[in-house]
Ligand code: XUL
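Below you will find one chain, with nothing else, as structure tokens; this is the form predicted on its own, and questions on how it binds or moves follow later.
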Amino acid sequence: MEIFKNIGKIPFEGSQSKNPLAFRYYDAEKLVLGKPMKEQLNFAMAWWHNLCATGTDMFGPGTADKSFGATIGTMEHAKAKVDAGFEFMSKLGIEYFCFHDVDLIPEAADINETNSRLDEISDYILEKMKATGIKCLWGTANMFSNPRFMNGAGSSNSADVFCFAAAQIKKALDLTVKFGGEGYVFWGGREGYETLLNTDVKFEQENIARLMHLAVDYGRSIGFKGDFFIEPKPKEPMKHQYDFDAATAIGFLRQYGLDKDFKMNIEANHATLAGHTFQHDLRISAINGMLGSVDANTGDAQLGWDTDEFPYSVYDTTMAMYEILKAGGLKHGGLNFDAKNRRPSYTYEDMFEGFILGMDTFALGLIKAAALIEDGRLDEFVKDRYSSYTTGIGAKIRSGETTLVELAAKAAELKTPALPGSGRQERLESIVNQVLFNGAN
């Protein structure tokens, strides 16, 4: 049964189209730097926002009907979400989905019943996957919504809660392998603390690492060959979260010997909440060999929380895709739309238009990022800016063939150094604008 009636397969109509249900820039088979757009971008649908979120906020109930013709809280509704999700992805040409365990089914009071429901729904999802060719990008376990996780999962002060977290991870890994998922994500939604007065930080971080090691061992034992991901976030819901940003999470992984199996799943809105730009966390992940996947959304600069809006800034997506392309792409990852419609945008058409906006914005960002790379002026400037390290004392510094004594002698010889060459920030920003708006009248 068709759920999204009167909405057909979304076509590509080009930049001049005024059809709200058409792509203007996302042309799936268009080659960009030698690869089709769909392979450069690997778009994914987030099960939780798109099929579950109704627009509920702290001031009122939801506005969007996500029942899809079934009674919410039943297995019939779980199957209706599957039907809706695969129809939605097929009409948009999205080839991947991401999920939390309890997005898929209503959680039962008994974990054994929950797992039985997950077995049932995963069989149904697998049928849809085989029929459509749609794949799983990554899976994860929701270890933040249930009240038992009020103090975190791995970081919980309760050993019983730790056991439940381990059980959920085990089952979510089973499902991820069953679906052929390319990654598995840890988002420490409550892995942090509110006050140091009641917290043993070292104890909690050691337990989080222990839980991750157990997950890696189990995942590899059942044939999971993909990447494990950490998704950094600085705050909300906890005041101080242990995975504050990419640099913090990478340091944690290295400290506890997890860096060979884990990479970063960078979310745009989380990076900005940490006081960084989206491209900053992408760059930090890339230079450490840990850029894995991306949750594609944006926040509101005037609001201090995670608003999960669909990306609309071509400047931001251009600079993000510039980092991703320069890093060689996302091996086991993609662009998962961890984004939701605004509360007043509550219709089925709004669901589609949100994804069209996000997909077009990243597609245009991809085109412009490729143009920046082909233009070459940014790379050329950066290379020249550090050219003093290619010869003489600079080359000896880089090769490790000098000493502090020799460097001090060089400084004495110079007496005073010339100022470093100009950073030319304004010129470089002008180049970006020229590439972004080339052809504008």
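Since the structure is predicted, the reported quantities are computational estimates derived from the model, not experimental observations. All residue numbers refer to positions in the sequence shown, first residue = 1.
This protein has a second form, the form predicted together with ligand XUL, left out of what is shown; the following refers to that one.
Residue contact with ligand XUL in the predicted bound form: residue 355 places no heavy atom within 4.5 Å of it. A residue is said to contact a partner when one of its heavy atoms sits within 4.5 Å of a partner heavy atom; residue 233 meets this definition for ligand XUL in the predicted bound form.
When ligand XUL is considered in the predicted bound form, residue 144 lines it closely, a heavy atom lying within 4.5 Å. Within this chain, residue 295 lines the site of ligand XUL in the predicted bound form, having a heavy atom no more than 4.5 Å away. A heavy atom within 4.5 Å of ligand XUL in the predicted bound form is found for one listed residue only; from 156, 140, 317, 341, this is 140. For the residues 187, 262, 278, 322, the 4.5 Å heavy atom test against ligand XUL in the predicted bound form is passed only by 187.
Checking 245 to 253, 117 to 125, 265 to 273, 365 to 373 against ligand XUL in the predicted bound form, the stretch whose residues place heavy atoms within 4.5 Å of it is 265 to 273. Taking the partner from elsewhere, every residue among 48, 100 and 306 has a non-hydrogen atom within 4.5 angstroms of ligand XUL in the predicted bound form. Taking ligand XUL as positioned in the predicted bound form, none of the residues of 395 to 422 brings a heavy atom within 4.5 Å of it.
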